[in-house]
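First, one chain by itself: the form predicted alone, in structure tokens.
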């Protein structure tokens, strides 16, 4: 059960302890208080945990400060929309991320050299992009493949991001220790840029890592759907992050493992953008690079990555994670799928065209109702 307070009731309100005291009068019930930033307003919510089926909603609806009481019927309690809750949003380093916004995060799948990183961030700056991807820690299928430069590259990576006005870098972590390494390097850089911690598809059910990422609230989280598990299993895994206390989460679709997707690297699952937005309060990201896996063109002259990106955006995606590289032939990880830096402006133009089409679709649907 979730008790949603009226917008003018903050966490410090005297009404909160009164409601908590009333909740604790029912056997076995515990509570958690969360401040949620919706798309239009901030709300304080009180979560009742335990056997809430026997707890009557009326005893809380009688409070003047309560806007509504929502019974939770889905497994993912913290991230679920529950048919009555607002979508969540958050602002980080001046960038607002929500179910009604769209941001592109281009960059190196794996940071390989300082020169390549600097050229990439410079290209983003020229394009007016303030959000990027840059992988320092890379889990690979083979133990003999490049595993990333790790913490050694963080000082100059953050320095370059700050120099080129990059406000957020999304970066995969594969071990709890990486979180502390990133925080120390950011502090030493004078907080030159922000970091969104990324849970990669291979760690989608690494529950101890999910708990560790969720228990820190300084850095937002990008959670990638597991490549070989159901959407419900991935959402339940994402719930581990939110239940730890960190609610600044973006859920990422990146394709699922299936031979039915060939010749693409993975079977594209971007039709689930609207599904995730309906079931949860989370903004939704798409990763066309890891879905397609190859930089190939269709008969119409458009790259498949353009087409797949459009599939996600035209259904309302809020974030796009895409690989670009100044020299894909020299990349140490996923070079075949990376866009060239000179292709980035065309890609961004295509994104804008598709986003406009989505917004027109939404406006037309609202006009019909």
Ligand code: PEP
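Values in this document were obtained by computation on a predicted structure and should not be read as measured data. Numbering follows the first chain given and starts at 1.
FYI, the form predicted together with this ligand isn't displayed, but the following is about it.
Although the partner is absent here, residue 109 is a contact residue: one of its heavy atoms lies within 4.5 angstroms of this ligand in the model of the complex. Interface residue remark: residue 264 is not counted as part of the site for this ligand in the model of the complex, having no heavy atom within 4.5 Å. This ligand is not drawn, but in the model of the complex it has no heavy atom within 4.5 Å of residue 89. This ligand in the model of the complex is approached by residue 200, whose closest heavy atom lies within 4.5 angstroms of it.
For this ligand in the model of the complex, the listed stretch (181-189, 282-290, 159-167, 78-86) containing residues with heavy atoms inside 4.5 Å is 282-290. Of the candidates 224, 130, 272, 247, 224 is the one whose heavy atoms come within 4.5 Å of this ligand in the model of the complex; the others do not. Interface residue among 138, 103, 116, 295, judged by heavy atoms within 4.5 Å of this ligand in the model of the complex: 138.
Taking this ligand as it sits in the model of the complex, the stretch 243-261 comes within 4.5 angstroms of it through a non-hydrogen atom at just one residue, 254.
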